[in-house]
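The chain below stands alone and is given in structure tokens; this is the form predicted on its own.
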């Protein structure tokens, strides 16, 4: 018996060690490129060319100053916040209402609607760029941030609806029935009863949509023409032509661009993970 217990303990220790080694390796693979970008953002161009893996001999903060001015990040961040914020609001409102309706099969053809959303997830947005651009040009909406947010929200809607439907499926029916008995209307039921329960799902969807919108390029570059409408991502990419050889400035621009995203995710990661776990219970 003792020998068996020792073998079991050794097996558990070996498995635990292997898991931790694999996790540490994955962390290194994920963080190493970011660390190299940060280190090289403080170097001169010649120093990066000579040895990109070395630490800087002297910190070149001028790279950040030049990157901020050239990439117009002050305006770019404002436009990115507008674009991302409006997109998140549209997606959360529409996906919450759709998820509530589809979770309870409150309308006829719920299965067909779900099938439609499933098919929409497989259709590439490139197929709709030309007709969308033609319609937006005729309506004078090229360069309009809220109008572009509608397109981005539409691309994120299928996945958001499926996720919110899953969270609504986890809500006990007795909770809704009790609220109905107390005289709550549909709007009151969703806002005061359902919303607090599915709040992890709202946070999860908001984080996913926010990260996707912040880093989006194809739709933004197509419909947000003109430098005054550039997002932070477009401002960064516009520097590739003029500063393709100034790698230190480009690295600094990359750090400026990804900094808010990393900080946002670190702040929201607890709620994001909780939402993903609670939403995976039923579906």
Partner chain sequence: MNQKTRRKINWNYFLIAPALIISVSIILVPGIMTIVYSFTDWNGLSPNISFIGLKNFQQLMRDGIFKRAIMNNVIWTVMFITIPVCIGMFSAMLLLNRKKTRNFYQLAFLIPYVLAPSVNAMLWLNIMFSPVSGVIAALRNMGLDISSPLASMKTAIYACAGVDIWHYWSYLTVIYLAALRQTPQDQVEAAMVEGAGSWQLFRFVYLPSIMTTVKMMFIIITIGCFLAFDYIKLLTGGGPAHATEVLGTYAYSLAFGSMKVGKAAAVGLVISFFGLIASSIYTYLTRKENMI
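Under this definition, the rigid core comprises the largest set of C-alpha atoms superposing within 1.5 Å between the forms. Computed from a predicted structure; not experimentally measured. Residue numbers count along the first chain shown, from 1.
Absent from the display: the form predicted together with the partner chain. The rest refers to it.
K.L.:
Residue-level contact is defined here as any heavy atom of the residue lying within 4.5 Å of the partner chain in the predicted bound form; does residue 63 satisfy this criterion?
P.N.:
The answer is no: residue 63 has no heavy atom within 4.5 Å of the partner chain.
K.L.:
Heavy atom to heavy atom, is residue 58 within 4.5 Å of the partner chain in the predicted bound form?
P.N.:
No - in the predicted bound form, heavy atoms of residue 58 and the partner chain never come within 4.5 Å of each other.
K.L.:
How about residue 165: is it within 4.5 Å of the partner chain in the predicted bound form, going by heavy atoms?
P.N.:
Contact check for residue 165: yes, within 4.5 Å of the partner chain in the predicted bound form.
K.L.:
Residue 50: heavy atom within 4.5 Å of the partner chain in the predicted bound form?
P.N.:
Flag for residue 50 set to yes.
K.L.:
Select from the listed residues 124, 183, 172, 146 the one whose heavy atoms reach within 4.5 Å of the partner chain in the predicted bound form.
P.N.:
None of the others qualify; the residue that does is 124.
K.L.:
Could you tell me which one of 81, 129, 179, 75 places a heavy atom within 4.5 Å of the partner chain in the predicted bound form?
P.N.:
Only one option qualifies, and that one is 129.
K.L.:
Within 4.5 Å of the partner chain in the predicted bound form: all of 8, 197 and 209, by heavy atom?
P.N.:
No: no residue has a heavy atom within 4.5 Å of the partner.
K.L.:
Mind listing which residues of 189-205 have a heavy atom within 4.5 Å of the partner chain in the predicted bound form?
P.N.:
Counting only heavy atoms within 4.5 Å of the partner chain in the predicted bound form, the single contacting residue of 189-205 is 190.
K.L.:
Honestly, after the rigid core fit, is residue 45 moving at least 2 Å at Cα between the shown form and the other one?
P.N.:
Yes; residue 45 is a residue whose C-alpha shifts (by 2 Å or more) between the shown form and the other one when the cores are overlaid.
K.L.:
Align both forms on the core first, then report whether residue 65 has a C-alpha shift of 2 Å or more between the shown form and the other one.
P.N.:
No; residue 65 is a residue whose C-alpha shifts by less than 2 Å between the shown form and the other one when the cores are overlaid.
K.L.:
Please check if residue 33 moves between the shown form and the other one, taking a CA shift of 2 Å or more relative to the superposed core as movement.
P.N.:
Yes, because once the rigid core is superposed, the C-alpha of residue 33 moves 2 Å or more between the shown form and the other one.
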